[in-house]
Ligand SMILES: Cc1cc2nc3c(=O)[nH]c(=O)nc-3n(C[C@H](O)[C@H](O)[C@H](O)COP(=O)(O)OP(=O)(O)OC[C@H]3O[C@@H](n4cnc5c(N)ncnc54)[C@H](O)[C@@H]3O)c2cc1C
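There is one chain below, alone, in structure tokens, taken in the form predicted on its own.
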């Protein structure tokens, strides 16, 4: 009786899962295996928020497989050792998986593929995570892209013919024991993540519900509303995409269907904008594949000698949402409370950290890595190097976001700030983004004592901007 193994990683779904579809059609028994080996992803092993999500995603996947007449077998690594044990126990003659693109997992997967082939075991890998794999897209001169717009132009026509595959019929599983999910100890021991479940539903069903809700309720307002943090007009699909609970082909197909259903074109502009944001994820993986050193080092060599000058006290205030700058604090508290932060606000808080406070971008990247449910190495690396001005297609270093004017523009009524910084709830709109500018009588009416109920700013925005520009002048050449 032929047996195959599907090794799941960040592809925790049954639909449009090419490794699963391929294996299911070619065997009589199918072992669906998840191996927990976080050390193999070092130095970027999953952070706390990611582990919370992973626990619940595996739980939902196990339920879905049981309903489909199969089961999820969970083991702990090392991955090659576990795979060999499972091959010996089941007599499997083939192992299939979907590709990952992070430097550590790419190197690990290459070693495992060669080792299993040396053992006489067939191995096959597939693309489940991207619309265009990094090595399939190149510039006219044959190199990788470093700028998003031409990258998007290069892939957008080719992805038009992509369509997702349905859930396959699954052969029965072999009789092999599984470790209990709880033994992975993924959930936080503190109550930090207790509120996450109020905001998120991990798993493929949760991903589909979020996509359907976004396409029905928010897509037609996306292009104009995606920068307004108080409005729920972004898709919220990033953690689902990271864990592979939904695939980009499924997102692409559903979005295009929605924008053209019944001859309607009302959402065409918004659909194009949304799909360009999905393509930023593709671009991030393209860059990480071709420039793997950027997880730890700058892409722009000028910044190798840049004078990062942050101090631990300011970093702590930034992490805790106690900088005294309202929209920054609102974003950092949203992150801590929900495991996510609005993208516009991510740029604002990142600019303050790397430019006004002059902390190394890796300080921000590591904090986001531990606290974001959508922490993704490619996206995180691109995002932080972009805002710090030291990466590919980066915001120029001299572009320093003014958090007050950004708040006034994108949170004009202060709804976002008031939601996450309730100390400022009674301030008039005019002062909610700069409470230090409010007259004494306004502060009294708002029952607000600066320096007591809410901190004074930890940094002078104007002076720190000038200091950052001076530091940049010293290295720009």
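None of the values given here were measured: they were computed from a predicted structure. Positions refer to the first chain, counted from 1.
Below, we turn to the form predicted in complex with the named molecule, even though it does not appear here.
- Stretch-level contact check against the named molecule in the model of the complex with heavy atoms at 4.5 Å: of 131-139, 304-312, 101-109, 237-245, the positive one is 237-245.
- Checking 335, 155, 288, 278 against the named molecule in the model of the complex, a heavy atom within 4.5 Å turns up for just one residue: 278.
- Between the named molecule and the residues 379, 270, 295, 255, the one pair within 4.5 Å by heavy atoms in the model of the complex involves 379.
- Residue contact with the named molecule in the model of the complex: residue 96 places no heavy atom within 4.5 Å of it.
- Contact check for residue 383: a non-hydrogen atom falls within 4.5 Å of the named molecule in the model of the complex.
- By the criterion of a heavy atom within 4.5 Å, residue 372 is counted among the residues contacting the named molecule in the model of the complex.
- In the model of the complex, the named molecule lies within 4.5 Å of some heavy atom of residue 347.
- Looking at 201-223, the one residue that comes within 4.5 Å of the named molecule in the model of the complex, counting any heavy atom, is 222.
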